[in-house]
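Take a look at this single chain, the form predicted alone, given in structure tokens.
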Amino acid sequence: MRKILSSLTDGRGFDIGLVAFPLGFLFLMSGLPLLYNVLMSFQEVDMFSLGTLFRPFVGLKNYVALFSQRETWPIFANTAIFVAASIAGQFLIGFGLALFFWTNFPGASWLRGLFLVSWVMPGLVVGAIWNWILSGDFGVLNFFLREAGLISQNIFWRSDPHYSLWAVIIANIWLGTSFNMILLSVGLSGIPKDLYEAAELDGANVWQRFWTITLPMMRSTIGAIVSLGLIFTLQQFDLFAAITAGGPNNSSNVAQYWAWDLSFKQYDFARGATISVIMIIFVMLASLVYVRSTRQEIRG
């Protein structure tokens, strides 16, 4: 007991205590539910056995049944398209805005702050706003496209199977662009100005400075942003619930929404847990890339 008390006073035990309490909280609030979800994917679960821990063990039966379903691969393909298009759109537009505000013109800080409105808004509110914008009858997007001569008749974004997934992608790009812009702006501000001045004296033009200085110096930041974008995009649920509800005919359904639908609407908890475990694997891979990117950034 005396050693324990002395360790708390000499600083080492105190540091361990500071780390132990948050880790214990994370294990109770996140670790145990995660382990329970993994366990449930290997069990036979129904409404009557949901409240018990020990249920019939079925091995990989839930995984085999999941990949045997006709709609599995189209939904996973939708998920891949949603993630790739969302990350690409958010990154490209966010990088463009970060470079634009990097010029530091008068009022740039105030205008940059306005772009954060989309990020702080709840997903359901964003979904409701884009419901109005994407409306086939009176939507603002159709109005501008008609006025620009790009379309001759209205597009029913939410109910047309060819456009429903892209309706959610557009809303998600708008939602996450400001987050990418802020992180990329921070990365740009960390690049020494001397490098650009030296390259300009050597005769390098704007594009040469961008490809030889900006992108290489932003490599770790870009890796972290893409990893976080993958994690946040795989967690996106609100926009699907508010805009398309996975329809029509699963044309806009993705893995995260399908897991919820199987678990809480069809009461197939085991198969919903199976989808969640598959998504956890991808999130863990993205987390490893993120940790590796930030570690390189710290080492400089």
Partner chain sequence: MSIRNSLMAGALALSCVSGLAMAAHAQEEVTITIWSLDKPEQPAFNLAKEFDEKEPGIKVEYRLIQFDDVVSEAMRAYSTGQAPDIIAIDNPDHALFSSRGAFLDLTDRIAKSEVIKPANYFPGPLNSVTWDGKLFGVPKATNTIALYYNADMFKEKGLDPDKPPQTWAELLDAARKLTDPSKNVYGLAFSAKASEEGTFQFLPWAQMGGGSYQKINTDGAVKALETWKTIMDEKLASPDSLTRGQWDSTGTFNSGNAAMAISGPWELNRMSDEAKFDWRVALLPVPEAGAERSSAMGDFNWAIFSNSKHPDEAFKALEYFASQDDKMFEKYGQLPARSDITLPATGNEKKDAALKVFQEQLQYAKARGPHPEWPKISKAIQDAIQAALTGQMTPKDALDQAAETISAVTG
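Residue numbers count along the first chain shown, from 1. Small disclaimer: the values here were computed from a predicted structure and weren't measured.
We do not show the form predicted together with the partner chain, though everything after this point is about it.
Engineer: Might P161 be said to contact the partner chain in the predicted bound form, defining contact as any heavy atom within 4.5 Å?
Structural biologist: Yes, contact at 4.5 Å.
Engineer: Closest heavy atom of F48 to the partner chain in the predicted bound form, within 4.5 Å or not?
Structural biologist: F48: yes, in contact with the partner chain in the predicted bound form.
Engineer: Using a 4.5 Å heavy atom cut-off, state whether S220 contacts the partner chain in the predicted bound form.
Structural biologist: So S220 does not count as contacting the partner chain.
Engineer: Quick one: does D268 come within 4.5 Å of the partner chain in the predicted bound form, counting heavy atoms only?
Structural biologist: Result yes; D268 sits at the interface with the partner chain in the predicted bound form.
Engineer: Would you check whether the partner chain, in the predicted bound form, lies within 4.5 angstroms of a non-hydrogen atom from each of T244, G247 and N250?
Structural biologist: Judged in the predicted bound form, T244, G247 and N250 all sit within 4.5 Å of the partner chain.
Engineer: Going by heavy atom distances of 4.5 angstroms or less, which of S118, S185, T72, S135 would be at the interface with the partner chain in the predicted bound form?
Structural biologist: None of the other options qualify; the answer is S135.
Engineer: Could you tell me which one of W166, W174, Y196, F156 places a heavy atom within 4.5 Å of the partner chain in the predicted bound form?
Structural biologist: For this set of options, the contacting one is F156.
Engineer: Have a look at 60-68, 25-33, 228-236, 39-47 and name the one stretch with heavy atoms inside 4.5 Å of the partner chain in the predicted bound form.
Structural biologist: Only one stretch passes the 4.5 Å heavy-atom test: 39-47.
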